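Just one chain is shown here, as structure tokens, and it is the form predicted alone.
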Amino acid sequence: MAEESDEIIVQKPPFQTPKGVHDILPVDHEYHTYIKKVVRHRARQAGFRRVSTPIFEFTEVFKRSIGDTSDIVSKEMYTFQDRKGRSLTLKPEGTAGVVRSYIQNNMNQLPQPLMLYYYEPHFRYDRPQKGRYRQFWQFGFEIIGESDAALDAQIIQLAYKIYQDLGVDKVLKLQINTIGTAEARKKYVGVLQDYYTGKERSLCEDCRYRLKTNPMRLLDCKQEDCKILAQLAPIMKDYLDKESLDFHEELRGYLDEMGLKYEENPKLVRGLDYYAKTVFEFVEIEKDQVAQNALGGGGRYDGLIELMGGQPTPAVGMAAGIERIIASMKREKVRVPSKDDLHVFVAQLGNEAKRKCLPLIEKLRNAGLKTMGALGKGSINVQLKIADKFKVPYTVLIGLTEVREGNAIIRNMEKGVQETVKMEKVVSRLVKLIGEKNLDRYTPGELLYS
């Protein structure tokens, strides 16, 4: 007689996602799908073409574009070496990759301005919090090749229309500012450093570092003491050149003409040298009128393409965070249409019925009816309970009697009534009951334009 084993099997804990990332479950995919369709529709209306850049780039792409002193490069990038020792980075933002692609693929030879958009995941080692993840999705628009305040206004209007389509425009306010040209900012940066000299003790650790490396970022700090000092800091507009101020006034005129409400925020800045003139953000406001999150924003980056090795080329762009938009939509109780709801559930009893079900399910799907079949061994009552959980309007029942007589039962799940029809009539009868306009039917040609 074999001895019993004394070995104790220790149950290993189930795997969890790493901190700062999350699964996109089916209910949230409905939001993603809806947002993507709205973005695509508005982009097509305005003549934008979609572009996708790789998930990772050479690290130097981001170091050169964003800058070594930025928080993104110094603290937040996911950087690794490949097997040949080359440094690669998961993209933390979209514009640098688009600009790299513009230069590499000689897109300056295409008709200008070139208008591109994207909808992609990005990665930052940031402190996870509500609406902020380490893998996050953004959509963005870039207009490359022209310097015109009308283009800045167009990209702002395009973003606003998308927020309006998504039902969150009522909780947003548009803030704008001008940061002038790089030459004009040099004088202001000196004034700013003079203002903060002697006040270092009141600054947070990050801002004490920024004072030496990137002083304009001090105006954007969220720490309370830093915010108070920023409110009292010299205003940038007082030190800008006439060209920058005139460009900003032109932008304001276009926004006024389009009826877009906005407010001037002189503390709204971008800390990178390649930014110029226009900067803007769509800021979410809670009921107590305290600003919370920026759902999106952008600005003009006339110096970036030259910095990345291309010819001097003006450009303007914007990006928006999908997760933050979804959170705002949920707070506003915005319901999105779902095309995932089933039309028909096919229930069967016995092997003969199961054999009849398989081709029937395929015919129903080909006819545009979203169909699910329970092909297990559960009783009809068990299968009907499953159909109830999926909230299907109709269930097809096939048992031994139906197989023998060549029939099927169509049950109206809401009314609890049913009818018996010939097997060859099941598809046409259900198409009539569901209605042509509700079918999920595509031809290959229609798929090209969906």
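In this text the structure is predicted, and so the values were computed from the model without any measurement. Counting begins at 1, following the sequence as shown.
The same protein has a further form, the form predicted together with ligand AMP, not shown here; the description that follows concerns it.
The putative spot formed by Gly131, Leu295 and Ala319 is fully lined by ligand AMP in the model of the complex; each residue has a non-hydrogen atom within 4.5 angstroms of it.
You can rule out all but one of 178 to 186, 246 to 254, 136 to 144, 101 to 109: in the model of the complex, only 136 to 144 has residues with a heavy atom within 4.5 Å of ligand AMP. Scanning Asp220, Asp126, Glu120, Glu362 against ligand AMP in the model of the complex with a 4.5 Å heavy atom cut-off leaves one residue, Asp126. Contact with ligand AMP in the model of the complex, defined as a heavy atom within 4.5 Å, holds for exactly one of His343, Lys91, Lys356, Arg324, namely Arg324. Although the partner is absent from this view, Leu272 contacts ligand AMP in the model of the complex, with a non-hydrogen atom inside 4.5 angstroms.
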